[in-house]
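Quick heads-up: it's one chain on its own, the form predicted on its own, in structure tokens.
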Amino acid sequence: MNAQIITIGDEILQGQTLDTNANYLAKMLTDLSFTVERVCSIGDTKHSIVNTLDLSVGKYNLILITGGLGPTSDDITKKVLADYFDGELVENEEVLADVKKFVEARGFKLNDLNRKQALVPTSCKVIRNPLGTAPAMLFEKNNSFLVSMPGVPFEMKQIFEEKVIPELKKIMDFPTSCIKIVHTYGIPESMLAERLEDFEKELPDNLKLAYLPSPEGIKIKLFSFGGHQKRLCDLIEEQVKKLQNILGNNIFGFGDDTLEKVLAKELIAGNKKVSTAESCTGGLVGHKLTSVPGSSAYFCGGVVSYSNQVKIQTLGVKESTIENFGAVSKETVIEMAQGALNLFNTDYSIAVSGVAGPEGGSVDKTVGTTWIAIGSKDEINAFVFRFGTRRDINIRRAAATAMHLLINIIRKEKS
């Protein structure tokens, strides 16, 4: 089945707001076995909305719209949809109760603009919003189902996953599918493709493979649509085992795993704790680790030692070490890692120091040169990397690499 995603908002067209909704919905629809054939952003005008609907209704099995459902005068989507689908706006008592509860819980009184949110088209099925005031609306016309949802990303995501998908499954026959995401790190895309050349050639005809690169690693997506669900998934699991034999430690997780989630699991499983000493990453490693719920079980603290003075005074790095070898050096990160171990009394420490760029490089230490040390009570190992010239990418790669190194060290200790 095919699908289209429409995002409504002048702020998107003007570049003021990044359209994360379309990205999220495209991924979700693909996982649900829809073929997303078109994604478009349009302005908050009746002309734009109607023209787009004329080109879409009857052509796509499913049309998802986000945005344009606010209480202000520039949000006209609801009225346009009511007219287009031959309905009229009426006040819905359940939605009004939701809006009143939402507003009063925040210490405000219901006003006319808030009350306007309870107006919904008579031609739609109302899908109530658990997090906001604008409900979602489900329409049907010319063999197309259309769902209009609020544009606030966290509202849209929850209402789509918890309310819209179950509703669509009642009225649409979703095709069978199986998708498996394999997360890799520490191997460039070209080298990964080369290593998997024979693997790809031997894939069964009904399986497809895609590479999804990012600074946090390369995702390998194995997927198949149509056929018996269990057989599809069993077939993909067979291929995943082959990938594990080929790639070994370059695979760090599957599905919704991230480096920080996997590292958290490894630390918790071993009842271990970690600390950080960061220079060029500015605390990103610590931020990643604490983004996982329950991180107090394994993360004790960190030092953002951006200046040499902090490296010396807080972490105990010798002044002579920095004078003789520089802040970006094996010797310095080893002493930073030792300082974090001493300061926080942890089982492991991560230390990072590098030339993030775009300036500050030299002949010996070009932009992107980064030293990372992984410390434990038994030993400290340091590794050098040369990432590239883009500051933002270098910082993300350094943080990801540091976590991947510790994951592999912990797994090696267990084996």
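Residue positions are given as counts along the sequence shown, with the first one as 1. What you see is a predicted model, and the numbers here were worked out from it, not measured in a lab. By rigid core we mean the largest C-alpha set that fits within 1.5 Å across both forms.
Keep in mind that the form predicted in complex with a further copy of the same chain is missing from the display, and what follows is about it.
Although the partner is absent here, residue 380 lies well away from a further copy of the same chain in the predicted bound form, with no heavy atom inside 4.5 Å.
Among heavy atoms of residue 175, none comes within 4.5 Å of a further copy of the same chain in the predicted bound form.
a further copy of the same chain is not drawn, but in the predicted bound form it has a heavy atom within 4.5 Å of residue 37. Within this chain, residue 55 lines the site of a further copy of the same chain in the predicted bound form, having a heavy atom no more than 4.5 Å away. Of the listed positions (77, 224, 305, 184), a single one reaches within 4.5 angstroms of a further copy of the same chain by any non-hydrogen atom in the predicted bound form, namely 305. Out of the listed residues 314, 258, 249, 144, 314 is the one that sits within 4.5 Å of a further copy of the same chain in the predicted bound form by at least one heavy atom. Note that among 136-144, 187-195, 80-88, 258-266, the stretch whose heavy atoms approach a further copy of the same chain to within 4.5 Å in the predicted bound form is 187-195. Although a further copy of the same chain is not shown here, in the predicted bound form the stretch 249-279 places no heavy atom of any residue within 4.5 Å of it. Core-superposed comparison between the shown form and the other one: CA of residue 386 displaced by less than 2 Å. Positional change of residue 225 between the shown form and the other one reaches 2 Å or more at the C-alpha, relative to the superposed core.
Once both forms are fitted on their core, a CA shift of 2 Å or more is seen for residue 31 between the shown form and the other one.
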